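Have a look below at one chain only, the form predicted on its own, in structure tokens format.
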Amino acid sequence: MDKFRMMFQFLQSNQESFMNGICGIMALASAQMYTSFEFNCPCMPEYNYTYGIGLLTIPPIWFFMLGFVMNNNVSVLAEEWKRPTGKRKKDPTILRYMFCSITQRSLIAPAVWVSVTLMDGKSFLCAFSINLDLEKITGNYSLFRGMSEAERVRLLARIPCKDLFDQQEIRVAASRYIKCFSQACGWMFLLMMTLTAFLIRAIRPCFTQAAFLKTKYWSHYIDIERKMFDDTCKEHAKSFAKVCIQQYFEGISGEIRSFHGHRSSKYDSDDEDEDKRKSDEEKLLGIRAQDDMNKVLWNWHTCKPALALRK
């Protein structure tokens, strides 16, 4: 049990790194599942480029948007940006820090997808096969003899489809050439992403650490404050409902006893029941009416309290 507790505390303290790793693993698994299926290129000049480039751009955009949707801090950022100022000022640096943190995590999955797709090379082959000069690669100058430009482009578009291209040796040579170029682009993309991440990590300590720590602290405070406010509202709603139901049943039972003319007898309740009743009453925090609770929620949204604690 202690090992599970230590593991949970470790994951909780390194939540950001853990979630980044989970996003990367999910993107890598989805890309591997995609490459395990048979790649079906249209092998038509009108659609090859659109289909191939679409596989390089549309899934990363979807992963990027999904990263924003699955991040709980997006709602915190939106609420902090749109809320009325009230007694608490809004700091633009905190909003920028939260947005950069969300964007950084959301970019992991698209980067993994683009890298794996470029390393695989199938979509790159489908997109750029019509731009290939087979005469320079294979040295077969008689392949396009007597063909018009439209027939030549149509033949090049069939290179990704092995069942539509007759000369397999030429197809293998052209496929290897384009896939090597795609893998080179993939390594360049990985190098660029790694260099960018390194520069961000290296340049950050050059700025004022006090301002960075202040921004990081208050961004964590906003997130924790929202979670604790939601938990307090849930506890209050649970206690409010429990007390209302208890009073309802006590009132109904009193009416029934008075209707039948039974004498009401009082019994000493147990200590545990009395403690539970007191705890439920304390969780109401003095708010015992619907209008009062609506006023509290409205004031929390329109005029948050200032960050200055009273003694």
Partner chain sequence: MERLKLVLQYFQSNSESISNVICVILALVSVKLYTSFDFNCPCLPQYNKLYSLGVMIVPPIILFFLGVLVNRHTGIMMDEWMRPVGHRTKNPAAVKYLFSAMLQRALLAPMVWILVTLLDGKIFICAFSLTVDPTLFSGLPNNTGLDVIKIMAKVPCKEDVIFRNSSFPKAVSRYVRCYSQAIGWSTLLFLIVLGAVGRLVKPCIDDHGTFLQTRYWSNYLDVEQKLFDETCVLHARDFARKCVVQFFEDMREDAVIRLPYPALITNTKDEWEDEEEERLHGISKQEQMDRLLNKWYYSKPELDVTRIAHRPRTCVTWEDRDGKPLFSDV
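By rigid core we mean the largest C-alpha set that fits within 1.5 Å across both forms. Since the model is a prediction, treat every value here as computed from it, not as a measurement. Residue numbers count along the first chain shown, from 1.
A second form of this protein, the form predicted together with its partner chain, is not displayed here; the remarks below concern that form.
Undergrad: So which of 122 to 130, 153 to 161, 99 to 107, 192 to 200 is the stretch with heavy atoms within 4.5 Å of its partner chain in the predicted complex?
TA: Of the stretches listed, the one contacting the partner is 192 to 200.
Undergrad: Please determine whether residue 286 contacts its partner chain in the predicted complex, using a 4.5 Å cut-off between heavy atoms.
TA: Yes, residue 286 lies within 4.5 Å of its partner chain in the predicted complex.
Undergrad: Heavy atom to heavy atom, is residue 167 within 4.5 Å of its partner chain in the predicted complex?
TA: Outside the cut-off, so no.
Undergrad: Even though its partner chain is not shown here, does residue 213 get within 4.5 Å of it in the predicted complex, heavy atoms only?
TA: Looking in the predicted complex, residue contacts with its partner chain include residue 213, since a heavy atom lies within 4.5 Å.
Undergrad: In the predicted complex, does residue 240 come within 4.5 Å of its partner chain, counting heavy atoms only?
TA: No, residue 240 sits far enough from its partner chain in the predicted complex that none of its heavy atoms falls within 4.5 Å.
Undergrad: May I ask you to choose, among 75, 148, 209, 85, the residue with a heavy atom within 4.5 Å of its partner chain in the predicted complex?
TA: So the residue touching its partner chain in the predicted complex, by this definition, is 209.
Undergrad: Would you mind checking 221 to 240 for residues with a heavy atom within 4.5 Å of its partner chain in the predicted complex?
TA: Going through 221 to 240 in order - heavy atoms within 4.5 Å of its partner chain in the predicted complex - the hits are 221, 224, 225, 228, 229, 232, 233, 236.
Undergrad: Following rigid core alignment, is the displacement of the residue 65 C-alpha between this form and the one not shown equal to or greater than 2 angstroms?
TA: The answer is no, as the C-alpha of residue 65 shifts between this form and the one not shown by less than 2 Å after core alignment.
Undergrad: Once everything's superposed on the core, is residue 284 shifted 2 Å or more at the Cα between this form and the one not shown?
TA: Result for residue 284: yes, a 2 Å-plus shift.
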